[in-house]
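Following this are structure 1 and structure 2, which are two forms of one protein chain, each written alone as structure tokens.
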Structure 1
Amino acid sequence: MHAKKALGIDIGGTKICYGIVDECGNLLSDVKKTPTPKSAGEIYNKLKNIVEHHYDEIDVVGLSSAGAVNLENTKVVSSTPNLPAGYNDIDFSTLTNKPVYVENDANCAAFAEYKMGAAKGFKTVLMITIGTGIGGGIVNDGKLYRGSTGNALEVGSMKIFADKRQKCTCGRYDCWESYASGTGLKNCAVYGAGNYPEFASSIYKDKLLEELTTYDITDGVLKNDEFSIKVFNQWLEYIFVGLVSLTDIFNPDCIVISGGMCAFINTQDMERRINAESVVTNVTVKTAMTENRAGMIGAGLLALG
């Protein structure tokens, strides 16, 4: 009986990454990268060429993409602002006569962490990806929770205030990601510069509000700048508020935090705080292990079924 292999492909706004994955989630090849073409037709052709090049080595194809995926796992159906017009019309199942499985990138990452990453051995895993925005995925007893239309776990859109304090990039007010993402840290800095007395003696006091960046704050924390520390702690508070609510709703035994901002979060401290306030059983909080390989590994594993 031959061990099955998948071609895992992660389609991002700037690059497409791919590699061959076995049933344990091990990468059997180097990870290859190619720039994401500018039109849907060119993306389709590029994917077709990648699949054809590896056709004889693989049994299935797994695709990880931004956006909501249909229940048949063949198409991306929601708007994906960093991918070209017409992308939603691509039927990925027509790329090859071998089975093709498409899934949302946050779901793929959650599955990779559950199977062979930081959450291996746990039963109910909530993964939160904190980057420019916030994404989420949940795996329970080996199955992804996808919701009625495949759109579940849009956690970044969770409202955390009811009184229209801050507009989110989506056009609505007070989404969690407008406070707790990388963009949220910048928003916290801008708010703090206008409201915290510490700004007057900060190393950034001469900067224009709109020029403050997330990097300024993380760098300011290392330099012991009181303003930066206050902004950073407020940002952590917003992350905590979302995570403790999600813990009470989903009762996970493990939360995995991934994405560009996860390096700045003390998971032991976050775990202690969540467990002190949550009304459900205790949860373990960990940093993701599979990092930027998570999409392709998760997609490959899901395709292998």
Structure 2
Amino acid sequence: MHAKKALGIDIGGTKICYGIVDECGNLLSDVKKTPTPKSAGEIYNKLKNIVEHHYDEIDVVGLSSAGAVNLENTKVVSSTPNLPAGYNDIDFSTLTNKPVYVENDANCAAFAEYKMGAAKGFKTVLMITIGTGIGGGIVNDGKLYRGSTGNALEVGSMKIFADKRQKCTCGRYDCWESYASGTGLKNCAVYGAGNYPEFASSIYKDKLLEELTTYDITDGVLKNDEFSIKVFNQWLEYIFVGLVSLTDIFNPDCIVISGGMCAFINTQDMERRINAESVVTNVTVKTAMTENRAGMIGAGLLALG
């Protein structure tokens, strides 16, 4: 019997990455990258071309996508405006006559980290991806927790305040990701510019608020800018608050943090603080090992089942 192979594809907001994955999660090809088209129709066509190009090499297709995925693993059923209009109408199973398996990006990354990444050997793994938004996934005893309709762990949408302080990109208020994602760090900076006295002496004091970026703040921290440090610490506090609550709910033995912002988080410090505050014991916090390949590897592994 031949060893099965998957085409793992990660559909991100700016680029689509793909590669051939075996049953152990090894990448058998170079990772290829192509910009994500702006419309749902063009995304579909691009995916179709990629699949057709690799048709003879693969048995199944695994797709990692942002957004809440249905229980049948064929469609994204709900998503923030980070995805283009019409995206939720795509039935990915029509891309090819080979089996196609779509799963939420954070769920894919959770599975990859559990199988072969930072959380290998742990029992209950909570994966949090901190990028444009915040995604989450839980693997317990080798099985992804999917919830009643497949949409579990949309943690970026969990509310952390009750008094409508800040509007989220999704249109609702006070979602965790509007405070603790990359976008959240920018929101923290805008809040700080209006409320922290340190802004008056900041290297960014003359910058237009709408031009302040996430990376201004991380750069500012490196340059010892007091305003940036205060904003950054507030952002870490929001991450911490969410992680403590999730620890109390899920009792993970390992939390893995991935995504574009994970490089800015001191996991040892986070681990110490979570263990001091949480009522459950005892969690290890790690940075993801599979980095930006987690989505494609996890999708490939899940598709190979």
Ligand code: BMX
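When a residue number appears, read it as a position in the sequence of structure 1, where counting begins at 1. We call the rigid core the largest set of C-alpha positions that still match within 1.5 Å between the two forms. Model, not experiment: these values are computed from the prediction.
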Of structures 1 and 2, the one that is the form predicted together with this ligand: 2
Degrees only, no decimals: how far does the smaller rigid part twist against the larger one between structures 1 and 2? 12
Quick one: CA shift at residue 102 between structures 1 and 2, core fit, Å? 2.7
Can you give the CA shift of residue 54 between structures 1 and 2, in Å, with the two forms fit on their core? 4.5
